[in-house]
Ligand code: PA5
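A lone chain, given as structure tokens: the form predicted alone.
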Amino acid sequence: MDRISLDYTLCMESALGRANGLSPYLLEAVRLPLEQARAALEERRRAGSLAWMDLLQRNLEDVVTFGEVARERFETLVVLGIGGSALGTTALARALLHPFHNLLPRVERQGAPRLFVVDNVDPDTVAGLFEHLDLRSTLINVVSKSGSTAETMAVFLVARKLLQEQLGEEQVAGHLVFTTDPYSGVLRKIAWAEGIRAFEIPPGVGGRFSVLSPVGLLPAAIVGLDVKGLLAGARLMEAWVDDADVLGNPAYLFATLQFLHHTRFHRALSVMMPYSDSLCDVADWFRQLWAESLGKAKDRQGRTVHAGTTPIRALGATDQHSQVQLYMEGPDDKLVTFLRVEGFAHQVVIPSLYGQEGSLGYLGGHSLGSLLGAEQEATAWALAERGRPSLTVSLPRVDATSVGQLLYALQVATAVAGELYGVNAYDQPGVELGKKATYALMGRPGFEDLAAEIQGGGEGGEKPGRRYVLA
């Protein structure tokens, strides 16, 4: 089974010079903190507080079986979620489905349903989707651990009313499946009361670490993705991480490179730039994983640290023509991670036409894949020439095994980075504050005092949010 690889040559002083790159001695100096991080993670895992690490040992035959049955019955799958309840599904679908899956006839989709992920409450998007769906052949997967996520539950209420109106109340339960807490929350309560099939998000698994749980794997199974291959790839990476030296596996090394370039060179922006359309949404998924886990005001001792680097998604070669100028000559505050594919599924050969034209003829006989690879290599080289660091994660191909390796490695890297920064990588107090403010503004019972605070005015009763409005 082929493994992914991590090339960090262009992070080091041998390529960038001492003023811009890391020395081997500096990497070695982090060995003790990394070993302490490994020990801390192992202790937390034994104590049961890192449930996401145990997902690979769970029996998911019920997920696979349900997916097979649903695939036969339904023409369309709609996933309702937000954040970690949606980004993983979107990443898996973009990586592993045909790029134009929803446009293909059912036979060319090998019987798999079309997939739509609704991860926002934009009324035009929601209305536009449901106006053009035949709900008689549609399954709606509602994903919320708490069952109280305002955005997801709002769209669920819209969808449920439409099911009731168009199919009749007796048909509603057969067109819904929930992914939620196994014991509590309003979705679990509704599932019990109305006989709706529900899959569990294991206790202790947060949304951004849930892609390899039923949150991501149930939709994957329904649309016919290789769930077992994903898990096999993740287990391959798990064995590598568990058995290798702390600087000899990609997860710990990725975290170390990010941490050192931030703390030693003040590179506070982490760019992930896939040279593959299929991996574009993996970079989107990573943005939430990294940002919510590491962006913390306080460390574990309660000290103010304002930790974390800001993740940015770019796409090669597209963003060579929109972002790379800034990366080359703007502030030296970025570490770029390239995602490179060694073997694309299709070899599209560029025809040898207009050979007399020097600006065209040289392309003939090459493949689009080789052009994309050359673009990535050239961009990394050019960045290094300007003293700008990058690292390259290479996938043998974009398949379930490679994607499973990559996702698990990035999850472990995030956990390790949390230990290096000394922050709790599993809470999100900043997000919770915004959630509570939304509840207050929408009139949820119990948040009346917060609503008054938000809407309260300054001197003369003016609302602070309306003092500087130009209309």
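Residue positions are given as counts along the sequence shown, with the first one as 1. These numbers were taken from a predicted model, which means no experiment stands behind them.
Just so you know, the form predicted in complex with the ligand exists too; it's not on screen, but the next bit is about it.
Taking 340, 296, 334, 208 one by one, only a single residue has any non-hydrogen atom within 4.5 Å of the ligand in the model of the complex, and it is 208. A heavy atom within 4.5 Å of the ligand in the model of the complex is found for one listed residue only; from 82, 97, 232, 384, this is 82. Using a 4.5 Å heavy atom cutoff, 144, 149 and 288 all lie near the ligand in the model of the complex. A residue is said to contact a partner when one of its heavy atoms sits within 4.5 Å of a partner heavy atom; residue 435 meets this definition for the ligand in the model of the complex.
Just one listed stretch, out of 362-370, 83-91, 249-257, 126-134, contacts the ligand in the model of the complex at the 4.5 Å heavy atom level, and that stretch is 83-91.
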